[in-house]
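First comes one chain, alone, set out as structure tokens in the form predicted alone.
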């Protein structure tokens, strides 16, 4: 796809036939679980401006870095097992940035241990989503994203669900969304069509029908906002006023 054909998506269904756009790579399209460059481009167009600081705590092959730099954004990409030199080695459960210092965060996280992400022993992608530990570790990442993000700013989390014959269906995306809502307010949920996956073959489609299960056809893209601090203060003030009024009423009745 030529750059001139890029457009900002207007619906909640995103379907990108190719990983890349233009005549130069954005990340490595042969990397396991590579993020579509179109997806990053759309998010940055909507939720950032030139000079904003963008952070990707699980940067993979560097798609976010390449797209952000091309759009004139400052960008920091971390990964527990860096794929290239401009990605900083770091565990997403402890991000080395100051509180409220980032304008936008994007993360494309593991959704179980079904893909080999790295050899690093602390990689969250080595933990099965069949265990509660998987979700507890990702909640640590959520808390760090909340900490570094400025009030009123937006983050986006791309994740899929899980199905295996042994475990059955596990709604990984919904479980992560529930945890995200403990810290952020939802902006929207996007359905991103999955393409070029190893199971997208005739034999797997035949098996899905024969053995009565579904192949994963999409990923969730959760767009979440860190609430403005003044909103919290206002709500707190309303609560205090109600409490004060109740106290006054009790005092009046006791007289």
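These numbers were taken from a predicted model, which means no experiment stands behind them. Residue numbers count along the first chain shown, from 1.
Omitted from view is the form predicted together with a small molecule, to which the following refers.
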TODO: Note which of 80, 154, 170, 148 lies within 4.5 Å of the small molecule in the predicted complex, where distance is taken over heavy atoms; exactly one does.
DONE: 80
Open item on the list: Quick check on this chain: which one of 175, 162, 93, 73 has a heavy atom within 4.5 Å of the small molecule in the predicted complex?
Closed with: 93
Open item on the list: Taking the small molecule as it sits in the predicted complex, is residue 122 near enough to touch it, meaning that at least one heavy atom pair lies within 4.5 angstroms?
Closed with: yes
- [ ] Look up in the predicted complex whether residue 184 has a non-hydrogen atom within 4.5 angstroms of the small molecule, and give yes or no.
- [x] no
- [ ] Please run the contact check for residue 190 against the small molecule in the predicted complex: heavy atoms, 4.5 angstroms, yes or no?
- [x] no
- [ ] Give a yes/no on whether residue 218 approaches the small molecule to within 4.5 Å in the predicted complex, heavy atoms considered.
- [x] no
Open item on the list: Using a 4.5 Å heavy atom cut-off, which of 207-215, 220-228, 60-68, 45-53 contacts the small molecule in the predicted complex?
Closed with: 60-68
